[in-house]
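Shown here is one chain on its own, the form predicted on its own, set out as structure tokens.
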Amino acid sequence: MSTVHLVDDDEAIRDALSWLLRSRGIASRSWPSAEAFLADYDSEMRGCLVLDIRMEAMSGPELFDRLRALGCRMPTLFLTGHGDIPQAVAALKNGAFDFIEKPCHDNRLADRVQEALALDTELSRREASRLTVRERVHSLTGREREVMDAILAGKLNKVIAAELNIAMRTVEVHRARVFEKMGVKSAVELAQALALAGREE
């Protein structure tokens, strides 16, 4: 489920943000510290993170870095005081989604949270598509991969047949199987699917 994960050591702020998000119909969970969130973190979590920059012990940016090292790619917004802006800008350069100064305007925060949730949904969809393409590539036989690579190089069937020392009819059969297994109807669609997957085989 797509959820806003709030991490702030100020209980009043956690309660206010939870209420704001609830009023917008947005699901949220909150934690009183970075350490508490890390203890509960699961790679299957979906949604976005709202982190306070300054917290006791581990700071928001430190938590962000730890999560990135764990492979977490949820869009992250930082809540900052005026003196924290340089840190927030540095976090943006490291891939954070945005930062919002406290006290923040309710509508701006809620709008940015919804945009972050939409981004996470899109990123999850793309990742699922990438995994599907990679699984399909792994289902190809060695010969089918050779034919696929030749197709992607723009070679005609008769050229592929000559290079692989097989009959042109055999190339046609392999070509049809490659398209069927990859779920595409043309060489262009095949190239687009592999580009999406990054050809990580």
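Superpose the two forms; the largest set of C-alphas matching within 1.5 Å is the rigid core. All values derive from a computational prediction rather than experimental measurement. Throughout, we count residues from 1 along the sequence that is shown.
Heads up, the form predicted together with the DNA isn't pictured, but that's what we're talking about next.
In the predicted complex, Glu172 approaches the DNA with a heavy atom inside 4.5 Å.
Contact between Asn157 and the DNA in the predicted complex is found at the 4.5 Å heavy atom cutoff. Within 4.5 Å of any heavy atom of the DNA in the predicted complex lies no heavy atom of Ala39. Within 4.5 Å of some heavy atom of the DNA in the predicted complex lies at least one heavy atom of Asn165. Using a 4.5 Å cut-off to the DNA in the predicted complex, each of Thr141, Glu144 and Phe179 places a heavy atom inside that distance.
Note that among 49-57, 31-39, 157-165, 62-70, the stretch whose heavy atoms approach the DNA to within 4.5 Å in the predicted complex is 157-165. Remark: with the core as the superposition reference, the CA shift of Ala12 between this form and the one not shown stays below 2 Å. Put the two forms on the same core and the Cα of Ile151 is off by 2 Å or more between this form and the one not shown. When the rigid core is held fixed, the Cα atom of Ala36 travels less than 2 angstroms between this form and the one not shown.
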